[in-house]
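The chain below stands alone and is given in structure tokens; this is the form predicted alone.
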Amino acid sequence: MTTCDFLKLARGAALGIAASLFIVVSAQAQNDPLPSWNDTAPKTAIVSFVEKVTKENSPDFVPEPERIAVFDNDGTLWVEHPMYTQLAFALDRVKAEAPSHPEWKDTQPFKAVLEGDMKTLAASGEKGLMEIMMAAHAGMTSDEFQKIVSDWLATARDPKFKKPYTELVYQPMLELLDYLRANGFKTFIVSGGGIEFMRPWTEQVYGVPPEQVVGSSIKTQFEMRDGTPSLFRLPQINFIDDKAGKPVGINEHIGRRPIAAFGNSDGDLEMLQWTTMTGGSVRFGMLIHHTDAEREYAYDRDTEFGRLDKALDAAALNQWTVVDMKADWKQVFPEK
């Protein structure tokens, strides 16, 4: 064999090995249900849990009807800083309705909204925020409110990323939702946000239909208007689906105790406790820890929105998985 022949043979062998490796790597990438997750402990924990509960004839097997997974929304599935998206919506609604309410110019917390005084608005606390929500969300039918929400989401832009809010969902969590559903799970959103604020868009964005959304609500009443049946939204609180309210909402809307729960803040503490601290079958709890100031935000114990303090301490005691967004996610948002 000449030197030239040897070199040709060696080159051919090298190309063949490279092609084989490319095929193997490509196949692995295609088979990876969570490609936006780094190969760190949280991804391993997710896959291990799913494999345990879906393997028939194993002691940890869970029948499909009982495979219920619940997800918080704000800060778990999409951004919640610099403020909750629904609050941004409510502030815009107050500004739009202000000409019909001249008294708001001298009445807090509306005065703070109209003047852009976020410090005073924050100081008004939960009571002030609820007053704003009532003013922005009541006094119309459910159908009218749904259209207003859809129109706002189509035009509103996040102040930092300059994108629609529905594009600022977390790609790793979209993959997780798909992965669970592909393995026989039914996925629910259980959020402190308004149930009728979320229902118009969750199916398109998350693949979660309206009937699988649990959230806070205001009271509605049935009315006949010009011969047409309508549900009219009243300026009264019906249910707050946050903190201890989340297990109540799960019980009332879903009727089954979840086997997996995903959150990011102290508002999700009781939901994770309700899901995981029950004995019986294998249970899974996960918290998203916002640690990536460059790609998103970094916050936990000292923030007005999405405080992660008590729940972070509880995670260590209860062996919940904590996702370090900076270390565990290859990408944060979907690529458009």
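In case it trips you up, residue 1 is the first one in the sequence shown, and so on. Just so it is clear, the structure is predicted and the values come from calculations on it, not from any experiment.
Omitted from view is the form predicted together with a further copy of the same chain, to which the following refers.
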>> Counting any heavy atom within 4.5 Å as contact, can you tell me which stretch out of 92-100, 108-116, 168-176, 254-262 lines a further copy of the same chain in the predicted bound form?
In response: 254-262
> Every residue in G139, F145 and G193 with a non-hydrogen atom within 4.5 Å of a further copy of the same chain in the predicted bound form?
Replying inline: no
>> Please tell me whether any heavy atom belonging to D158 falls inside 4.5 Å of a heavy atom of a further copy of the same chain, as the geometry stands in the predicted bound form.
In response: no
> Does a further copy of the same chain get within 4.5 angstroms of any non-hydrogen atom of P229 in the predicted bound form?
Replying inline: yes
> Is there a non-hydrogen atom of T76 within 4.5 angstroms of a non-hydrogen atom of a further copy of the same chain in the predicted bound form?
Replying inline: no
> Quick one: does E211 come within 4.5 Å of a further copy of the same chain in the predicted bound form, counting heavy atoms only?
Replying inline: yes
>> With a further copy of the same chain taken in the predicted bound form, which residues across 255-288 come within 4.5 angstroms through any non-hydrogen atom?
In response: G255, R256, R257, E270, Q273, W274, M277
